[in-house]
Structures are given as C-alpha cells and as structure tokens.
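What follows is one chain in structure tokens, specifically the form predicted alone.
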Amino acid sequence: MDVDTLLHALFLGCCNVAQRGDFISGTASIAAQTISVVGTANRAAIGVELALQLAAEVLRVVREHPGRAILLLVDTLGQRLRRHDELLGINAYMAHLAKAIDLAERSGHRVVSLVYGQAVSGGYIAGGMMADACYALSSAEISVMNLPAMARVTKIPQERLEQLSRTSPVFAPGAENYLKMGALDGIWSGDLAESLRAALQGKSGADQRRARGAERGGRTTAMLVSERVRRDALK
C-alpha cells in the first residue's frame, strides 16, 4: 500500500503529513486527538542520515508536544549496507534512534508502530519494534534475514532452513509468523482507522512478547529461558 492510500485509510483526510524522499513526518487527527506521524517509505535502507532524521523528529515531539501519541510507519529494507555507513558507525546511529523512541515512551508518549510495506532486520528493530505496541497490515512483509543470507551466516544448508521454516515461525518470514512469535500485537485489515483508534487507547506496560510467543506457540522456550536466567541472577 502506498503512503497516500494508507494515510487516507488511517485518518480519512484529517492529516498534514508530508513525504520527503524516504522520510515521513507530520501530524494527524483521529478521535479528536492530535498525533505525530514519523516513518519511512519506498522500502528505505536506513543510513546514518535517515536514522538521525527519524530520531530528531521523535525528540522534537518529546520536547515540543509532551504526551502526544506517536505513530511510526514502517517500510524499510533495514540498515543501509554501505562502507560509508559502516565506517561512521551505523550501529550507534540505529541505537540512537531506538533510544529516542524509548525516551518518548518513558516520557509518557504512547508509541504505536505499523508495518505497511516491508520490515527487515535492524531497520525494523530500531524503528518499529521499540514501540509500545507493534502492528502490521495483512499485506506487510516482515523478516529479520532472508533464508539464503541466513544460510551463509549460520552455515546451515539453505535446504535445511527451508524445511525448518515450514514448521517454525522463527525461521519463516511474514506477518503471520511474527504474530505467532509475539513480535506483533495484531494484524490489521478492514477498517484501519478503527484499528488505530483502538491501538492508541492502549497503555504502556511490561514487555509481553515472550509470553505472547509462548501462548501462540511461536516461541516455546524464550520465556522459560529468560525466567531461568532471571532466577539464577537473583541467587
């Protein structure tokens, strides 16, 4: 779904959001509430410049509009894979973006992310999964790493990974698999404006992704392992 169509479906024309290249920002009105919209478009590869742009906009909202809800729109191929960005320390810029979103949440802003295109790797982790609540359109494509790349990194044959992806959502891309793993709070279709209104009414709380993954059968041991680590650390 393109940005204009998405914005109309979410806000029914009640928005002042601009797209400048791969960067989206502005304000919108929903249920008599003004919210800030920040995000990426065009399957953006997030380099140091875009990471700083996104973080700066989040920090501006925190500074100038205390408590205002923030909607993160996600369409990214992940961090930009260029020597330029690696030499400048792209990991630190992505961490800065994640910290800016965390600061917004700790400062009382409700932060909701919506994957409407692609969401890959560090671009999604820093610019989407840091939100209080994460959602995706049913047409969205989500993955940490494609299977050929995963095979090269893990040294596991691609054929074996393809077999595993048929039964384990950890190895398989797609919004439904991320829902099973607990990484998504829900998948939206139909009335997107109503879905957003409901999401904005939620409250921040403890991270429930491990619990949701266990309940949905997508990550059966993550919660058990983390609880064991926590107990051992307290001994």
Partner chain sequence: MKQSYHEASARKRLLGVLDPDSFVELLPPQARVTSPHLPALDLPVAFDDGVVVGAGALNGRRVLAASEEGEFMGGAVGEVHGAKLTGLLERAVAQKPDAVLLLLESGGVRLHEANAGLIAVSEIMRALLAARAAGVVVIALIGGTYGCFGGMGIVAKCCDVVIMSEEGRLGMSGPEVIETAHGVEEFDARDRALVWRTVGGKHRYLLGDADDLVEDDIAAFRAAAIRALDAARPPTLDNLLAEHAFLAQRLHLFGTCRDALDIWRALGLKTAESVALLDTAGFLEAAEKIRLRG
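Residue numbers count along the first chain shown, from 1. If you're wondering where the values come from, they're calculated on a predicted model, not measured in any experiment. What we label the rigid core is the largest C-alpha set whose atoms superpose within 1.5 Å from one form to the other.
Below, we turn to the form predicted together with its partner chain, even though it does not appear here.
Interface membership of residue 122, defined by any non-hydrogen atom within 4.5 Å of its partner chain in the model of the complex, is confirmed. For the chain shown alone, residue 159 is not a contact residue for its partner chain in the model of the complex, no non-hydrogen atom being within 4.5 angstroms.
At a distance threshold of 4.5 angstroms between non-hydrogen atoms, residue 118 is out of contact with its partner chain in the model of the complex. Residue 210 belongs to the set of residues with a heavy atom inside 4.5 Å of its partner chain in the model of the complex.
Candidate site formed by 23, 43 and 166: none of these residues places a non-hydrogen atom within 4.5 angstroms of its partner chain in the model of the complex. Residue in contact with its partner chain in the model of the complex (any heavy atom within 4.5 Å), chosen from 48, 199, 192, 37: 48.
Taking its partner chain as positioned in the model of the complex, the residues of 118-135 that bring a heavy atom within 4.5 Å of it are, in sequence order, 121, 122, 125, 126, 129, 130, 131, 132. With the core held fixed between this form and the one not shown, residue 86 has its Cα displaced by under 2 Å. Taking the rigid core as fixed, one finds a CA shift for residue 164 of 2 Å or more between this form and the one not shown.
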